[in-house]
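In structure tokens, one chain follows: the form predicted on its own.
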């Protein structure tokens, strides 16, 4: 069975000192060419898709507020625009940008991701992300968010706050999905003789009314080539697992070892049952931060730690070692019920190249990875059907 493999691209790499490493390209971080080179390398490795990180505030070492550090990368380009920029320069790899749901209107997200799907020929995805930081809310001035106290996640106040953010996100995803369906597949007639470009009967109001949004529709963008571009989410606990079960096609999880991976997959399946998920089960991808090298990966990470002034830690498992060893770990963890992995390169482009030219051949030698792309669209590559249009069925 083919293992699914994605990479998460963020700045100069997931280690905060990666921009200072030999071979880094900090002077190119804010150019399209930088991102195009990375995505082209991922496509040469036949990876399923790449994700692009984004947020509504500057990067910070603190969960709930900005910091004052000047020795780490700060600032980024818009993830949807990066994906749209590299789409014409690639042909097969999936492109999955991140956008916020807490302050961004779902109508804008819907047309942005739909446009990306058209531009890329059916390779778009989306990672919705909540934003609970007060400084993010201050950019918009529409509401005030209290600081989240991450020291006691069992506190009912914390749980209620997170539930509110995720409830809003679930409504946002539902609005986006309905807008994607608001045009039937054959709504565009383009009949020069009669002068009719669209069939108005095949454009639909979505009439969404929820706690957070009231959206009439239809979209201004025709239905995406995939029908519904891939929706993915990152989850660490029961509440976000349930959000993923309601809203997503793929969930990224963060197990620490194979035993933990098995437990997490079980929790995801329990979340699906608890929410009454309909349709295909979630594809479960484990996230790992990777530093890959044939000898010396741990020393390289230690040098980066020294530059940053402390040991790098992550919400995901941090792997340092050889591509061969990582291949063995992935194949072992897959037996826990995982469908694939999203790898976060510690240092770019170095660890991305180690994935495509070191790890991929190891997996291919084990009969666990493709030798060519078999489909052009991202949903099909993951074995997901093209959904029927809810409004066309109703009509």
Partner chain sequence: MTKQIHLAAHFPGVNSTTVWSDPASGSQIDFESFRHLARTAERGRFDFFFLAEGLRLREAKGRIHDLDVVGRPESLTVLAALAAVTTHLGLAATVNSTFNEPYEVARRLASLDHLSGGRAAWNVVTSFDAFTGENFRRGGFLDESDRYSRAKEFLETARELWDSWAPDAVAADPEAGRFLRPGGVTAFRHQGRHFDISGLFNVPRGPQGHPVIIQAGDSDEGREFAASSADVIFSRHSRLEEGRAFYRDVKRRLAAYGRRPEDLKILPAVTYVLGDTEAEAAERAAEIRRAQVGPQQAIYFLEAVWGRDLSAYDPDGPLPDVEPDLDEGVSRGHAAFRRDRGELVAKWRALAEEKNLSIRELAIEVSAPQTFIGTPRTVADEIDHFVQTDAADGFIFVPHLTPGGLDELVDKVVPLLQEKGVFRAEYTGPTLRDHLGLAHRDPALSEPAAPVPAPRTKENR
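In this text the structure is predicted, and so the values were computed from the model without any measurement. Positions refer to the first chain, counted from 1.
Only in words, not in the display: the form predicted together with the partner chain, which the text now covers.
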(request) Decide if the three candidate residues 245, 285 and 386 all line the partner chain in the model of the complex, where lining means a heavy atom within 4.5 Å. (result) no
(request) Could you tell me which one of 324, 299, 266, 78 places a heavy atom within 4.5 Å of the partner chain in the model of the complex? (result) 78
(request) Answer with one of 26, 337, 328, 361: the residue that has a non-hydrogen atom within 4.5 Å of the partner chain in the model of the complex. (result) 26
(request) Choose from 361-369, 51-59, 329-337, 345-353 the stretch whose residues reach within 4.5 Å of the partner chain in the model of the complex, heavy atoms counted. (result) 51-59
(message) in the model of the complex, does residue 107 come within 4.5 Å of the partner chain, counting heavy atoms only?
(response) yes
(request) Please run the contact check for residue 101 against the partner chain in the model of the complex: heavy atoms, 4.5 angstroms, yes or no? (result) yes
(request) Would you please decide whether residue 32 lies within 4.5 angstroms of the partner chain in the model of the complex, comparing each non-hydrogen atom pair? (result) yes
(message) Quick check on residue 256: any heavy atom within 4.5 Å of the partner chain in the model of the complex?
(response) no
(message) Given a 4.5 Å distance limit between heavy atoms, list every residue of 113-133 close to the partner chain in the model of the complex, or none if there are none.
(response) 115, 116, 118, 119
